[in-house]
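The chain below stands alone, shown as structure tokens; this is the form predicted on its own.
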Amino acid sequence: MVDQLPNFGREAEMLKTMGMSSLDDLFNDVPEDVRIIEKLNLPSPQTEEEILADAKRILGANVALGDRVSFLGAGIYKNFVPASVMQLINRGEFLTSYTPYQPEVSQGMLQAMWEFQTLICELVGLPVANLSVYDGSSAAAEALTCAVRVHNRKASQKNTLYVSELTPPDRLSVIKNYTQGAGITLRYLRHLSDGCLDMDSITEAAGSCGVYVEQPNPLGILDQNLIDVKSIIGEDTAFIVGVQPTSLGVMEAPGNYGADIVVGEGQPLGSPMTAGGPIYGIFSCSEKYLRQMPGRIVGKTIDVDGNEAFCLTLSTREQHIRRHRATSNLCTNETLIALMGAMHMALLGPEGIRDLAIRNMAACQLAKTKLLEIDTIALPHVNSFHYNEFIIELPGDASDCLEYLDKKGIIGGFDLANWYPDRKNRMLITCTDQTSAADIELLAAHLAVWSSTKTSGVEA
């Protein structure tokens, strides 16, 4: 196909210089079975009006999330974001600003960044935070490699990290991408039948460079065992906790029960779901990890006139300064989205963040109570404490149930087989502050009908 392209001047000369006879030679690393050989089935040229009409027609087939009752979460959550956040973030000072390398002309943006860091520190209970990373998965991976840089010299299990076996595969994939080329060994922390950590595996992790767990864990369970982790692994092993930030309105800050590094997906604070992105990752730590922490940090200082000022600090951590000595390859990140999180937190205040968390938990508890009334559905972790989401066990495949709910105009939960292939009949149900009692009643009614057909053999 590429050989049929017109010759644009010096194409043949450039190919000859590279020792190639055709454009096909240039792309010979692409496997033949994935190359398009036939002519592309493209429409003829269109006018601007025709293009706009086609775009509207295609976009009209989309179903907006707000138009349907939804119980889908699994890492990205639909919380109410005040309209003032979008109003403020669309101001030119934020929307069009670039990296503030010149602090003398960027004080407003730098102060907003500094406020974000301060708010995150207060939320997670640690003294230092960066200006965010790409997302929760890269934050977890960066935290683990940071732990190796800090602890490997004293670790008895050198170049070894332990992560929860429940870590979602998409996050685990990012962690593996970060660690596999660095000679780092990943091992897994076991969980008990109630979904909580097996503390024997925490004992085994003592002496490694770091352990990574999530609170709440990916099944929505709030694990009380985490308060004992740091006392077991000791000071020479990093305790890394991944959080759902809105939960910290009611849950103890991880820094207060020994976490050395706290990471998480910041999207529930300030950002709509936006089909999974753009989002931002939280990263906070104790001072012990400051010099090895990835990403940007804004610091408060004094200018030549003695006035309070802000600037980027410890910049040698970035690849644009000393690439071969950088702590990570993070450079431009999701600052604009992180500032949306800062605006959201500032608008809510401590009481508002607490109320947001309570609304999430209340909706979750109401859904658990309602679904427990259905005899044909079980809740495997019914006696555990949950935040936002919980698991239900169905009398048939979750994929079949989701298809049925979709026909009824409901976006069901998350098919857990996507994460754990052996759990085909389990679904993760998510409730947020935007889940109403009527939504839960509707879900329960349809689940009761579907599950009864599976047990009776009669089609719905």
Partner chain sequence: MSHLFEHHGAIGAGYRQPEPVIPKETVIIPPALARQKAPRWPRISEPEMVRHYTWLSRRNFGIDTGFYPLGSCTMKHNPRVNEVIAQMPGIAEMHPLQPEHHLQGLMAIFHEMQDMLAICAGMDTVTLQPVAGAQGEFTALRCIQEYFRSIGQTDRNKVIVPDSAHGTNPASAALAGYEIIEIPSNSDGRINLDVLRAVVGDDTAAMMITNPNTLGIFEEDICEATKIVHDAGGQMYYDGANFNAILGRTNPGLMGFDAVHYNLHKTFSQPHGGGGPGCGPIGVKSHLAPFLPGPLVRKRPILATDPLTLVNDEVWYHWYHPEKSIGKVQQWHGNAGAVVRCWAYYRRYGYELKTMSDHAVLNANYLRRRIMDEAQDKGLAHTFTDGVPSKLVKHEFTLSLAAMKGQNGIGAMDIAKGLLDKGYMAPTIYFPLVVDECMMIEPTETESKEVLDEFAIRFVEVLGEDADVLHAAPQTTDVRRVDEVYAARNLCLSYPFDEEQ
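All of these numbers come straight from a predicted model, not from anything done at the bench. Definition used throughout: the rigid core is the maximal C-alpha set that superposes within 1.5 Å between two forms. Residue numbers count along the first chain shown, from 1.
Although not depicted, the form predicted in complex with the partner chain is the subject of the following passage.
K.L.:
Is every one of N41, R359 and Q365 within 4.5 Å of the partner chain in the predicted bound form, counting heavy atoms?
P.N.:
Heavy-atom distance to the partner chain in the predicted bound form: all three under 4.5 Å.
K.L.:
Exactly one residue in L192, L314, M199, L372 has a non-hydrogen atom within 4.5 Å of the partner chain in the predicted bound form; which is it?
P.N.:
Going through each option in turn, the one that passes is L314.
K.L.:
Is there a non-hydrogen atom of K154 within 4.5 angstroms of a non-hydrogen atom of the partner chain in the predicted bound form?
P.N.:
Outside the cut-off, so no.
K.L.:
If you check in the predicted bound form, is Y162 within 4.5 Å of the partner chain, heavy atoms only?
P.N.:
Judged by the heavy-atom cut-off of 4.5 Å, Y162 is well away from the partner chain in the predicted bound form.
K.L.:
Using a 4.5 Å heavy atom cut-off, state whether Q107 contacts the partner chain in the predicted bound form.
P.N.:
Yes, Q107 lies within 4.5 Å of the partner chain in the predicted bound form.
K.L.:
Taking any heavy atom pair closer than or equal to 4.5 Å as contact, tell me whether E265 reaches the partner chain in the predicted bound form.
P.N.:
Residue-level check for E265: yes, a contact with the partner chain.
K.L.:
So if I measure heavy atom distances to the partner chain in the predicted bound form, which of the stretches 167 to 175, 154 to 162, 201 to 209, 229 to 237 falls within 4.5 Å?
P.N.:
Looking at the partner contacts, the answer comes out as 167 to 175.
K.L.:
Go through 407 to 436 residue by residue and record those having a heavy atom within 4.5 Å of the partner chain in the predicted bound form; state none if no residue qualifies.
P.N.:
I411, F414, T435, S436 sit within 4.5 Å of the partner.
K.L.:
Could you tell me whether the Cα atom of M18 shifts by at least 2 Å between the shown form and the other one after core superposition?
P.N.:
The answer is yes; the displacement is at least 2 Å.
K.L.:
Does N28 move its CA by 2 angstroms or more between the shown form and the other one when the core is aligned?
P.N.:
Yes, because once the rigid core is superposed, the C-alpha of N28 moves 2 Å or more between the shown form and the other one.
K.L.:
Superpose on the rigid core, then tell me if the C-alpha of Q46 is displaced by 2 angstroms or more between the shown form and the other one.
P.N.:
It does shift by 2 Å or more.
K.L.:
Check A55 against I279 at the C-alpha atoms and report closer or farther in the predicted bound form, compared with the shown form; the change is 3 Å or more.
P.N.:
Note: Cα gap between A55 and I279 shrinks in the predicted bound form.
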